[in-house]
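For this one, two forms of the same chain are given in structure tokens, first as structure 1 and then as structure 2.
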Structure 1
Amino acid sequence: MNIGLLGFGVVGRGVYEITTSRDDMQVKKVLCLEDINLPDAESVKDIKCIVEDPSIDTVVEAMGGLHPAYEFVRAAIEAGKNVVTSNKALVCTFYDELLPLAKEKGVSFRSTAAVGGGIGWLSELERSRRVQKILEVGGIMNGTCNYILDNMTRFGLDYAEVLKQAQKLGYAEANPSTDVDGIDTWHKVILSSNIAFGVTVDKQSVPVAGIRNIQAQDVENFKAHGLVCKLISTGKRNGEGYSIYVHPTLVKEGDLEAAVPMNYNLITFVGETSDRMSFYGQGAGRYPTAYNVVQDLVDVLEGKGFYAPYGEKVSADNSVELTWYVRGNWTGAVAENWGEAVVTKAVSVSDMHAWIKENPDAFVAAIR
């Protein structure tokens, strides 16, 4: 397999390093804005050098972001090249367009590293739905947020300081707002729900709230009540519809999610036959993510083409009611006072997310 690698950042460099030790695949060209000197690959600055090169059969996209990743991937598929990508924003936004195109062109399109870094989550989810109905997906899907929350909880560190560490370690996206505001998790739960339920979820119907406003005083409050805060995603069948959302969630100290350290992810599906299955591992970082990209490359060599095709377009129904921890100007019904914060009476997910939009400085977490 001759590979054209798009991007030479955290993931791209990892893919290059892993493939150099294999004799079944070789990175021939690397598209990169900077000049890089590699012993056995040519550095190029124009995508045409890759898509118009007939000796390249497979493109690995590790640039991140929507544009120009989308245009480059589309051009690669149109040129008859297989594509493997770790880019969740791209796959979540354009999969139902790129998948039919890849099918029409008879090439593979895989994206296991897009959710869960090094965890074989999407590949197992795809296998699982061959033999059972998936009822629920979700969990801790962002290594950066977990790293921040874990360090704040275990060592009492300050939010801004730990975010800088996560960036240095290569966990955070180029724009860390994508992580801390929950957007990365939002892409991942939508993609997982699409594959699990065989639908195309309307992204705008899925509300998201992140961890940007969490403070040391909130963490102290949670500890005093035997709770731990995690950014948790949920995608659940709900009668004929689906509840799908992302927000900080308080879990009990003894719960599985509470024990997830550092940049690790814990992602779970609940199946009608298998019941609950959880997947734990490094959710971010160079080598774990590159590992899953290379797994996809091996799958392409073995002729495995696609994830489950998307089905009908659906909107999430988030009328389900939860109780919430709120530090902010909450004027609704209160069940308990926790210092400067309150625990609300039952409020639906959609109503609470509408309130969060109007109160951007508040910190809100659902209580599981």
Structure 2
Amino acid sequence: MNIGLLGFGVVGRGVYEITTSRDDMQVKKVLCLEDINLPDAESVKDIKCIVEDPSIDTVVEAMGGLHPAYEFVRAAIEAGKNVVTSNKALVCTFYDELLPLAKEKGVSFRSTAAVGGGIGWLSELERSRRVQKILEVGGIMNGTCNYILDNMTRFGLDYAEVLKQAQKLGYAEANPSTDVDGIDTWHKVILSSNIAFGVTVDKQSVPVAGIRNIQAQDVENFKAHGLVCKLISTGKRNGEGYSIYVHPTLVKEGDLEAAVPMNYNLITFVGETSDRMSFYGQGAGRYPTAYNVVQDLVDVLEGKGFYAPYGEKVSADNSVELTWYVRGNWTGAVAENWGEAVVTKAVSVSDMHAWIKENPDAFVAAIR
């Protein structure tokens, strides 16, 4: 396998380093805006140098973002090259375009590292759905948010203080909105639901709320009631439809998710036959993520394409009702008062997320 590598940052460099020890694949060219010198690969600045090179059969996209990643990946598929990517935003956003195109061109398309970093989550979903119906997917899918919530819980720190720590350690970007507003998790649960249920979820029908507004007083409230806050995603079969959403969720102190520390992920599926199966590991980082990219390259060598057939377009039905912790100007039905916050009576996911949009300074968490 001869590889054209797009990007030479954290993940791209990791892929290069792992493949140098293998004799069944080699990075031949690296697309990088900076000048780099590699002993066995050519550095190029024009995507045409890769997509128009007949000796390159596989392209690894490790650039991140939507543009120009989308244009480059599409050009690679059009040129008849296999594609492996770790870019969850790319796959989620252009799911209904890139998958049919890859099938039309007869090339493989893999993205295991897009969800769970070093956890082989999507590849395990692929194996599982061959023999059983998947009923539910979700869990803790973002290491940055988990690091923040874990440190606030264990050390009683304020959100802003922990966020600065996360940024110093490289767990959070200078602009952390993609993580703390739940967008990263939103992409991941949509992609996971697509594969688990064999559908194409309308992204706009999936609501998301993040952890930006959580305060130390909220965490103390949770502790007083034996609860722990985590940012949890859910994709669930709901009769003939699907409930899919992302928001902070309060779990009991003894629950599995409550014990997940630092920047780790815990992702779960529930199958008709297997029941609950959970996968734990680092959700980001150079070598954990690059490891799954290389796993995908091995799968491409073995002729494996995408994880599930391209499915019908569906919208999420989030009429399921939950009880909620709300600190903000809540005027609906109240079951309990917790200091400055309240616990609501049952409210549907769709109605609560609509209220969150109208009250952007509030903090809301579902109570499981």
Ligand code: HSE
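Numbers follow structure 1, counted from its first residue as 1. In this text, the rigid core denotes the largest set of C-alpha atoms whose superposition between the two forms falls within 1.5 Å. No experiment lies behind these values; they were computed from the predicted model shown.
>> Does the form predicted in complex with this ligand correspond to structure 1 or to structure 2?
In response: It is structure 1; that copy is the form predicted in complex with this ligand.
> 2 Å or more on the CA of residue 165 between the two structures, with the rigid core superposed, yes or no?
Replying inline: Yes; that C-alpha moves by at least 2 Å between the two structures.
>> Tell me whether residue 156 is among the residues that move between the two structures (Cα shift of 2 angstroms or more, core superposed).
In response: True for residue 156: a C-alpha shift of 2 Å or more.
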